[in-house]
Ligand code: UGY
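Encoded as structure tokens, the following chain is the form predicted on its own, with no partner shown.
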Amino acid sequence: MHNLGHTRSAYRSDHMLQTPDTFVRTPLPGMRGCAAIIHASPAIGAAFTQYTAELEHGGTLGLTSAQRFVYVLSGAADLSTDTSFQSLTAGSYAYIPADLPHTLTAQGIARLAVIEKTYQQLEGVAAPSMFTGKEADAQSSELMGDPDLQVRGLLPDQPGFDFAVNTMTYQPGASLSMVEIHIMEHGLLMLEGGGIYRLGDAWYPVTAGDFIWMAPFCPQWFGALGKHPAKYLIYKDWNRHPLG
């Protein structure tokens, strides 16, 4: 049935809500048995690229000269380099530094959240090495003393990293304690549950599967609704001076 032009998706100069009914799939160079839903890129003014990769059995991502972060949404994928081999299952993730030759190959049907960013070297600080982890093993901490709002940092809090990726989980009724306005840019993928997001002067209902881009200094606030926790995966640029 046609939706007669209706969608929750919205695009403004300082934010975007992209809902699954508006997703368009496209292959990227080097992909095989794979399609990408591109959520954010320099085309909208973002300093990073984020996409969901949908892979068939044996499907692979293409190469990139940028650093890459991969979070397995469903299924499993094998990560191989010249010196290592690891299988990543749902909830696992990997950080792959810039210019490291590697392959990511799906064991079956799989979905990956992929973030790519040109690395910004910090003088006197070594660039990070590749590593993998599982979200369930990352330490969970309260945000601003609220036990109903838990944050898991998926990348080490070290100056070599120029971005951070966290998961944030809200119990029903939990919310951010303030409207945030800051220099950090965000890419946010809703993983579970839903709620209400304020972006700029607009208020949006959001649910699992939605993607949000927030430009620097975009007013932002979220509150969880429903009977189940709300959870999202969120990117932010980090550890670098605004002047570069």
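The structure presented is a predicted model; accordingly, all values stated were derived computationally and were not measured. Note that residue numbering follows the sequence shown and begins at 1.
Note that the form predicted together with this ligand isn't included here; everything after this is about it.
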{"property": "Interface stretch in the predicted complex with this ligand - options 27-35, 176-184, 45-53, 59-67, non-hydrogen atom within 4.5 Å", "result": "176-184"}
{"property": "4.5 Å heavy atom contact, V114 and this ligand in the predicted complex", "result": "no"}
{"property": "Exercise: Q220 in contact with this ligand in the predicted complex, heavy atom 4.5 Å", "result": "yes"}
{"property": "This ligand contact at Y170 in the predicted complex, heavy atom, 4.5 Å", "result": "yes"}
{"property": "Proximity of A40 to this ligand in the predicted complex, heavy atoms at 4.5 Å", "result": "no"}
{"property": "Residues of stretch 213-232 in contact with this ligand in the predicted complex (4.5 Å, non-hydrogen atom)", "result": "M214, Q220, Y232"}
